[in-house]
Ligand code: URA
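There is one chain below, alone, in structure tokens, taken in the form predicted alone.
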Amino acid sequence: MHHIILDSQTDFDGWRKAARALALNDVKPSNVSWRVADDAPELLAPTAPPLEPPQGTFNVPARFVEMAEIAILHRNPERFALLYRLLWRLRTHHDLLELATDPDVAEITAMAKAVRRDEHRMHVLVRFREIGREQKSHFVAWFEPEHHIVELAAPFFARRFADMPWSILTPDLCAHWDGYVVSFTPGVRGEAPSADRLEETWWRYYVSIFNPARLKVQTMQKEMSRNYWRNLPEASSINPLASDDKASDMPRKHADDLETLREEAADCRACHLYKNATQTVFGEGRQTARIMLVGEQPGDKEDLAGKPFVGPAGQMLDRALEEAGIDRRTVYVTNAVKHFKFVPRGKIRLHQKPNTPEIKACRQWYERELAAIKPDLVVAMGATAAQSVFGKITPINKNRGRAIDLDDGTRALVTVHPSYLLRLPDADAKAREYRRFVQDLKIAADVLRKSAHAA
């Protein structure tokens, strides 16, 4: 195994040099482990022999190099490996990038688009506030990028605000302009500077031009997620202005609308798991569903697809639901924790069990999903799901086989998670536990029928 350690999260030159040497030495992508210096463990597994000095050359499309320079700024921890895998394949398939349906091409294209979108948001949403007065004034802004875009976005501000000294502070990297050159310093933890002398003037202007009839909440949240709102001086005025009598005829979404919840959850930063996950994996299904299935957390496949239960555990669940007489299309499926928790092992991401603080941080989304759907029955699959549903650690075997009344009047059923069945090494045990799992789901179906009959 060749362990490549890059200087930083955005070390494209280092990646390019290493990738070229690896490819010319015919090192397969599966034999390469990529790390960043700050994240690299002190002790690594035995490495492969040193690479021979690269001899010869090969060509790849210029489009790949341009895309790679942008995609490497994404936070996906597997981006270095993905880029090398594409490079390896392009040596023998020069037109690979034309295949938009290829999984690697689709993923790298989506990553590049996400980085460009984040760059655009930074250009639009950064708000400077004046610190000091006159000759001693300096303009400071706080921004929280989703990806490693500070160096990419900084030249825009140098051109746009060339005549004023400014600093843009972020958790990753800080950019500074002194009128001559852009410099960078390590990131900081903080928040937007307090209001300056022009804040009141801007707020009054914003109120005067605000037109509630033209307000499109869904579009606004899509283009400007709630993560950015707290740093905008006008954000606190939007809800009061939108509630004005002039907007009384506007169509509005209910507070518990699932689409609105999904958009809000996409920017959740309640715990640290968002930093390494590809995306938030929110629930899926009908808002009128009478059964709500709650799993533990998304896995690797779900993290990439952005949908719950689409991997091997999801296939196991689909089969069991069918045998129990439940149509998955009629239920709502979600997870107690919405981000994938894992540890990287080369190109593999190994699942890690969420801990109590992570479960508690994410419980707000389960509670809001529950309030929006109002199901007759919640099925908690696995210990993490049971802890979220009951609000405390709840043993599985002790509580299986019966519907339990919750404080809000909803009934809950506890069972195992489908992935538990996949992990059982003994075939007989796997078959036996699968039958028990189907039996639990049949109890759910029976509760549903009795509820419908009573209604």
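All figures in this text were calculated on a predicted structure; none of them were measured in a lab. So that there is no doubt, residue numbering starts at 1 and follows the sequence shown.
Omitted from view is the form predicted together with the named molecule, to which the following refers.
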| query | finding |
| --- | --- |
| Listed range touching the named molecule, judged in the model of the complex by heavy atoms within 4.5 Å, from 341-349, 78-86, 300-308, 283-291 | 300-308 |
| Selected contact from A313, I359, V150, L73, since only one has a non-hydrogen atom within 4.5 angstroms of the named molecule in the model of the complex | A313 |
| E369: touches the named molecule in the model of the complex, heavy atom cutoff 4.5 angstroms | no |
| Members of 322-336 lying within 4.5 angstroms of the named molecule, judged by heavy atom, in the model of the complex | N335 |
